[in-house]
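Form predicted alone, single chain, as structure tokens, below.
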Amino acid sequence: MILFEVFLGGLLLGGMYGLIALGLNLQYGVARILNLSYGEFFMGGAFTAFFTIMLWKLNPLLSLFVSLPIAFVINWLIYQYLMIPLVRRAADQDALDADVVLVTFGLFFVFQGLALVNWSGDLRGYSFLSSPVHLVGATVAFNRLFAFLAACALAFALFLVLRYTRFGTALRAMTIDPVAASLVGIDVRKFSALAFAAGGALAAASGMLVSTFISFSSTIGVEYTLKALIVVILAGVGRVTGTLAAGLVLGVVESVGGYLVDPQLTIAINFGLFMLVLLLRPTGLFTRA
């Protein structure tokens, strides 16, 4: 029974990882921008929810009506005015990746610095939907279950959009070959900007949902950027629909590995799995030939 509880905890943890990584896979897989400041929008969503419940005494879910459009607009502006010039001048994708890493790394410090100045580096947290839920003999907090169900719903919604809409078809074509996509009339710049902005909005949404059961501070963004990047590589760059499954794999491996070996080694287990996939399956666990 204890091992089952550990496995269930790993599933819920993996759902959180998948939720956080959905937006990054949109940005990296579709827009082909590795955004190292991605976690700062996760942090922004968490703080917006915190202030919504602690200062204004409102349901933190209402913060989504503020954090999502703001994150969407900021990421759209970043793509239009910082990424587009880099795309135009880059000789190839390798040169673009190098420039993007440097610029978004700088953005990470800018956003984190602004957060530290305004919100300090203190740990924050709040209680919301923390009542216990009993599942097959195991007990979990409802806020964790709620975040897991939200991750499943978002992943399913993205799957429907990508599979059954013209917008999704355009994004999938760009993921495979942006040059060929432009030759058949797809406005690559427009759709890349929308995908990048939507990824930032998803980061803010995941920050709100995850903030219901974790403590966070102004410096938490980098940790979750790395977690999201591991999940993206496990799923395969551009495999948005496989992101949740990859998150579940990471969460279960981390939880069970920590229980069987040592909880202090969870980071080592994460990156051990990461290196193993890079060596044996560098295109990701859920990619097809």
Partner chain sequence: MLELLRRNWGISALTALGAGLLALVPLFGSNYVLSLFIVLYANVALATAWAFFSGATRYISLATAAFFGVGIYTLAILHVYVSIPLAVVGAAIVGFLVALVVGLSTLRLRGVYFVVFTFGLTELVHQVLNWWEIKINKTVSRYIFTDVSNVNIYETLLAVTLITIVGSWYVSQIRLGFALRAIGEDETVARHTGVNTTRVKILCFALSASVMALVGAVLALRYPYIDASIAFNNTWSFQVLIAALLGGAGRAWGPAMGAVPLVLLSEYLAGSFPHHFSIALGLCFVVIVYFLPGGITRLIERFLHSLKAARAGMGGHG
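Numbering follows the first chain given and starts at 1. On a predicted model such as this, the values are computed, not experimentally measured, just so you know.
This next part talks about the form predicted together with the partner chain, which is not shown.
From the list 162-170, 111-119, 182-190, 200-208, the contact stretch for the partner chain in the model of the complex under a 4.5 Å heavy atom rule is 111-119. In the model of the complex, the partner chain sits within 4.5 Å of a heavy atom of residue 89.
For residue 98, a non-hydrogen atom is located within 4.5 Å of the partner chain in the model of the complex, even though that partner is not displayed. Taking the partner from the other structure, the partner chain in the model of the complex has no heavy atom within 4.5 Å of any heavy atom of residue 154. Of the heavy atoms in residue 237, some are within 4.5 Å of the partner chain in the model of the complex. Contacts of stretch 257-273 with the partner chain in the model of the complex, defined by any heavy atom lying within 4.5 Å, are made by 262, 264, 265, 267, 268, 271, 272, listed in sequence order.
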